[in-house]
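One chain comes next, on its own, written as structure tokens: the form predicted on its own.
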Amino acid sequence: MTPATAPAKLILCGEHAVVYGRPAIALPLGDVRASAAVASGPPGTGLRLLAPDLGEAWAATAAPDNPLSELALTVAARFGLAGADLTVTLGSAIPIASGMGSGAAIGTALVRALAAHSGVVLPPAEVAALVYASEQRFHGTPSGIDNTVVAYEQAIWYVRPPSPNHHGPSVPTLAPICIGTPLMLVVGDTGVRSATKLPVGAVRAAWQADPATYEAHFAAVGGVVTQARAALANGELPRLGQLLDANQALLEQLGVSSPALEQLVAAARSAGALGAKLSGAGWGGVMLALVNATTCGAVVEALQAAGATRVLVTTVGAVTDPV
């Protein structure tokens, strides 16, 4: 059976400030994907998951605390497959724990594959809701960015109203956005893994200690993101590059960058990138560089020479009439 797939995602701009009520823009990476394929399993084996890329295999019922086990069992029951002998093979080209939505992409591919095995094509809203519900059960109050971008495969404008103390439930604004001309991005992985909660917690502590200064930083980030939305819609790539650089400078002021990230950002800019910044929570993970066909190769080589453990090239297509 043809595997079901789902894309990676990147935060183009707006990290951290988005927690404090400012906007962020997130993009799907259609050519960097996770996959899931369902096949009948040996009698009596129940629902099993295989992750050959990781050298792992397990029975879903034997690992109920695994988010993928829980999601697979929930979706299987919804489609009348509870107790069925099925083997789900998972794969992903998305770096794990890098801020690229690996978990949401694998979950989305898994939901789509089980639905397809039942002869059902789920609309994006239902896929996103199933993945989000799973993330809620395991991660408390996820933002909703990852599952939405991945399930709809659309660039989105995201605003979550700040709740008391900035860590309670709130209803976000999610809206598709225009992209006037295709974006070519190079993504460089530092190879450094940092749990999202660590830099997020550090920013919260700093904000609590000096709210006026940090609210000013967040407001500046919000202004950059608003301008980036207009540049995207108008296809103004040089302007967008300048705004990505400005966002990186603000993220450095917030203390969430790192020497490894800044080394890759500097290398990309020196090689001709229109702009470059970290993407995600920071202190590790990935950065992105906005390039064109002329500069792409030089930027890839520069990132490799600067120590990137992995370099991906991806294009985000134009969207002139978002729905």
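In case it trips you up, residue 1 is the first one in the sequence shown, and so on. For the two forms, the rigid core is made up of the largest set of C-alpha atoms that agree within 1.5 Å on superposition. Note that the structure is predicted; figures quoted are calculated from it, not measured.
Heads up, the form predicted in complex with a small molecule isn't pictured, but that's what we're talking about next.
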Taking the shortest heavy atom distance, is residue 308 within 4.5 Å of the small molecule in the predicted bound form?
no
State yes or no: in the predicted bound form, is some non-hydrogen atom of residue 271 no more than 4.5 angstroms from a non-hydrogen atom of the small molecule?
no
Considering only heavy atoms, tell me if residue 235 and the small molecule come within 4.5 Å of each other in the predicted bound form.
no
Mark residue 280 yes when one of its heavy atoms lies within 4.5 Å of a heavy atom of the small molecule in the predicted bound form, and no otherwise.
yes
Taking 4.5 angstroms as the heavy atom distance cut-off, pick the stretch from 59 to 67, 29 to 37, 263 to 271, 280 to 288 that is near the small molecule in the predicted bound form.
280 to 288
Scan 227, 143, 194, 242 and let me know which has any heavy atom within 4.5 Å of the small molecule in the predicted bound form.
143
After the core is matched up, is the C-alpha of residue 132 off by 2 Å or more between the shown form and the other one?
yes
